[in-house]
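First comes one chain, alone, set out as structure tokens in the form predicted alone.
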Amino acid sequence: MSSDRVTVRAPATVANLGSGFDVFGIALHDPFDLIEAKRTSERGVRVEKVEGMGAHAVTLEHTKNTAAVAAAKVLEMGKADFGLTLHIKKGIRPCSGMGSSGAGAAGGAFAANLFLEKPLPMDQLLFAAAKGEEASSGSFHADNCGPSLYGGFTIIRSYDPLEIVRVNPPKNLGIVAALPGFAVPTREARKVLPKHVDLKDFIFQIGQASSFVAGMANNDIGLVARSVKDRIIEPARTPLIPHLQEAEEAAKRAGAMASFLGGSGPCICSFYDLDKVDGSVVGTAVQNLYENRGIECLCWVTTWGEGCRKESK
């Protein structure tokens, strides 16, 4: 490519979506990270600067920074004879349950690919991004970096081999992402998960997940909203999220069709009908609940969005 510098917009995501642990994810229209990559003659990837929301919690170490690891993997797979420096502007707080590390990994992989003479296909970018996620969380998963790359609603059909399926969500699907002012690291959230699951809960979970996909594919927001119940993951993580169930109930009283734990938390995600409900009322209800208990709460009233994109100058 002719330019020696690009900026990529990498969207926030919400994973799991109730019953789809490590499989389901959805890209949000906002917030997002901006990753500026500059070509260098020296091989390797170096993080020059991280700024923005929660920047102090993002390492500059190239072997642990998700964007740097993913970018380096793309350069390796593309047999590049050059390197990159990265400048990351965080719009997604780390340890939020909104795919902060996934956006970094997706954005790093996408940006690096723009410099290759022969760009890699999306499935290889997904693999590189998942390797970036592994550097952060300790596990190889793509339910955040997948939708951040591809946009829309995504399903990880398989991890071995890695394969993703993208579906356009219903156009009237409104999303409220409420973020209380405390952190839940993904590594810690994974430690509380059950090692054994009751067969009845397993069957229930399959029914929910299958119906959720059908709702997304058939543009049925009602079926989507009815299919976010989770008997396995969210109950195990509820003790990590103060006032979670109260917040979910507050969102539903304010007009949300469904409310559930976003990813590993503490994000609380609510679905509503864009044609019938003012999403700001839902967001305010959750914000007020937390702020009345002395906990700051940020809120994004948004919808689903596209995947990583190069920012125009």
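Don't overthink the numbering: it's just position in the shown sequence, from 1. For clarity, every value in this text was computed on a predicted model and none was experimentally measured.
Keep in mind that the form predicted in complex with a small molecule is missing from the display, and what follows is about it.
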| property | result |
| --- | --- |
| Which of 260-268, 243-251, 31-39, 282-290 sits within 4.5 Å of the small molecule in the predicted bound form, heavy atom basis | 260-268 |
| Partner proximity in the predicted bound form: residue 10 to the small molecule, non-hydrogen atom cutoff 4.5 Å | no |
| Touches the small molecule in the predicted bound form: residue 186 (any heavy atom, 4.5 Å) | yes |
| Contact flag, residue 143 vs the small molecule in the predicted bound form, heavy atom cut 4.5 Å | yes |
| Contact label in the predicted bound form: residue 90 to the small molecule, heavy atom within 4.5 Å | no |
| The single option of 229, 166, 131, 190 touching the small molecule in the predicted bound form, heavy atom within 4.5 Å | 190 |
